[in-house]
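Structure 1 and structure 2 below are the same protein chain in two forms, each given by itself as structure tokens.
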Structure 1
């Protein structure tokens, strides 16, 4: 749906995406109906289909935007830090804090992972994140700061730890994002056994 939108139109679209993202996060993709979204916003159904060609497209747009936001935050946090290991640390911390502040988007990621329809789009964004981490890891290996293992494996392991700790301790138990980030960093650097 590439329409020419006025400022008013762009605002409406934002409202729709934000509201829908929260409904999706609460209910899941399939159980959230278009009727529910528009009635929740107090508008007619036509509004929805003026801005989006389908429910699926809306979800994809939310997903893409969230991935883009998250990556932006990561890159801002990393800045021009020269140490690759510290870059990884900064990335983990920034991700945790952002996820804690946008937990509904974390759930959007989860739903996307569960749906064959959205998994490819999700994977594309995740590959970008993996690529970022892989670059830092490779650099760190060259410097002898990290053991020489397949960087892809290390990158996915890091993402797995970050994801799982965020879900469990931030979302389910309401712990502080910064604290959980420290735990994640410690585990990723040293594992179970101390260095």
Structure 2
């Protein structure tokens, strides 16, 4: 639904999305109903349907917005850094911190990956992330900082390592995001940078 919203309307929509994202992460997508969301927010169903045509649309918007926010944080962390290897490092650090601060959204991503209705939207966002990393890897290859290997493979490897370490060490074991980021960077860069 594309409505022109006032600032108050954008704030209300954001509140609904935030509340619903936490409910989806805590209880799962299927058990969480629109009635539960509006009841928890203390609003009527009309408010919900003003912003979203369905629970599915709400979930997709949460997914898109979360991926967009993560990418924005990564881009801000990278800034104008000229060194492509350093950009990869900064992106990994920013990702770990963001994931640790938004644990509930990591659970939303995991559910989306396993559900055929949401997996394509998640993949579209992941394709953008891969494209960002590929650009950095290609530049590093040209500069001789990374060995000449398929940039797509390396980008997927970097993202896979980052996501797996976040899931295992931040979410399951409760370790510090900065420490986990250091381990991810050490692994990725030692596997990428020519000695």
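Numbering follows the first chain given and starts at 1. Keep in mind that what you see is a predicted model, and the values were worked out from it rather than measured. The term rigid core refers to the most C-alpha atoms you can superpose between the two forms while keeping them within 1.5 Å.
> Since only one of the two is the form predicted together with the DNA, can you say which one?
Replying inline: Of the two forms shown, it is structure 1 that corresponds to the form predicted together with the DNA, while structure 2 does not.
> Superposing on the rigid core, do we see a C-alpha displacement of 2 Å or more at residue 46 between the two structures?
Replying inline: Where the cores coincide, residue 46 still shows a C-alpha shift between the two structures that is 2 Å or more.
> By the 2 angstroms cut-off, has the C-alpha of residue 22 moved between the two structures once the rigid core is superposed?
Replying inline: No, residue 22 moves less than 2 Å.
> Does residue 172 move its CA by 2 angstroms or more between the two structures when the core is aligned?
Replying inline: Shift of 2 Å or more: no.
> In Å, how far apart are the CA positions of residue 8 between the two structures with the rigid core superposed?
Replying inline: Looking at the C-alpha of residue 8 between the two structures, the offset is 4.2 Å.
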